[in-house]
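Coming up is one lone chain in structure tokens, specifically the form predicted on its own.
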């Protein structure tokens, strides 16, 4: 329970809906787990054995296409929930993009606990619907937006997702994905992504720091670039 009391995402994570007594009961079902960069926690098509709350770090959700290549279908951040409760198999692989820390629960134990706590089931449903809305917005972005709008939207969204709930989007952060991974998730080539980032830097919208660092210099202009998306 002491880990729950000091948890940095306790007011945002799935378990925030629980009372102190319920949270203590819930915590006894799981354990904290460190996942180093590059380690896969769940495999596409494998038995759904665990679910987890992300405490820190970022992880990618990926699936394999017919020619064997990997397609990144999402990125999860602190306070996000991963895994497939009430399901037999994992729909995608989950791999750490950075060193991550998770609260991991056996899927069967989580399912039983959720069934006996309707508020938690309701919170899970709301999160599922939010993810569905996000996925629909992403489909619109990929189908209708220009390369500039795609890259600007990605930068804007990462800045918001990495910020704590209720806080303003970050203005300085490290991207969780490489240039190639950004290209894959946006349906662009790596050359196009690099050109767009360079153009945004030249325009004074962002600054690029090292391999993955980004500083947003003009948030309003970045929003304008992403607005059409």
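Numbering follows the first chain given and starts at 1. Only the largest set of C-alpha atoms that superpose within 1.5 Å between the two forms is called the rigid core. As the structure is a computational prediction, the values presented were derived from the model and not from experiment.
Absent from the display: the form predicted in complex with a further copy of the same chain. The rest refers to it.
When a further copy of the same chain is placed as it is in the predicted complex, which of 45-53, 187-195, 28-36, 170-178 ends up with heavy atoms within 4.5 Å of it?
Going through the listed ranges, the match is 187-195.
Answer for residue 40 alone: is it within 4.5 Å of a further copy of the same chain in the predicted complex, judged on heavy atom distances?
Taking the distances in the predicted complex, the answer for residue 40 is no, it never comes within 4.5 Å of a further copy of the same chain.
So in the predicted complex, is a further copy of the same chain close enough to residue 156 to count as touching (4.5 Å, heavy atoms)?
Taking the distances in the predicted complex, the answer for residue 156 is no, it never comes within 4.5 Å of a further copy of the same chain.
Should residue 69 be counted as a contact of a further copy of the same chain in the predicted complex, where contact means heavy atoms within 4.5 Å?
Yes.
Please tell me whether any heavy atom belonging to residue 131 falls inside 4.5 Å of a heavy atom of a further copy of the same chain, as the geometry stands in the predicted complex.
Yes, residue 131 sits close enough to a further copy of the same chain in the predicted complex that at least one of its heavy atoms falls within 4.5 Å.
Does a further copy of the same chain, in the predicted complex, lie within 4.5 angstroms of each residue among 10, 148 and 207, using heavy atoms as the measure?
Heavy-atom distance to a further copy of the same chain in the predicted complex: none of the three under 4.5 Å.
For the heavy atom contacts within 4.5 Å of a further copy of the same chain in the predicted complex, list the residues of 88-108 involved, in sequence order.
Residues within 4.5 Å: 91, 92.
Core aligned, does the CA of residue 190 move at least 2 Å between the shown form and the other one?
The answer is yes; the displacement is at least 2 Å.
Comparing between the shown form and the other one on the rigid core: C-alpha of residue 93 shifted by 2 Å or more?
No, its C-alpha moves less than 2 Å.
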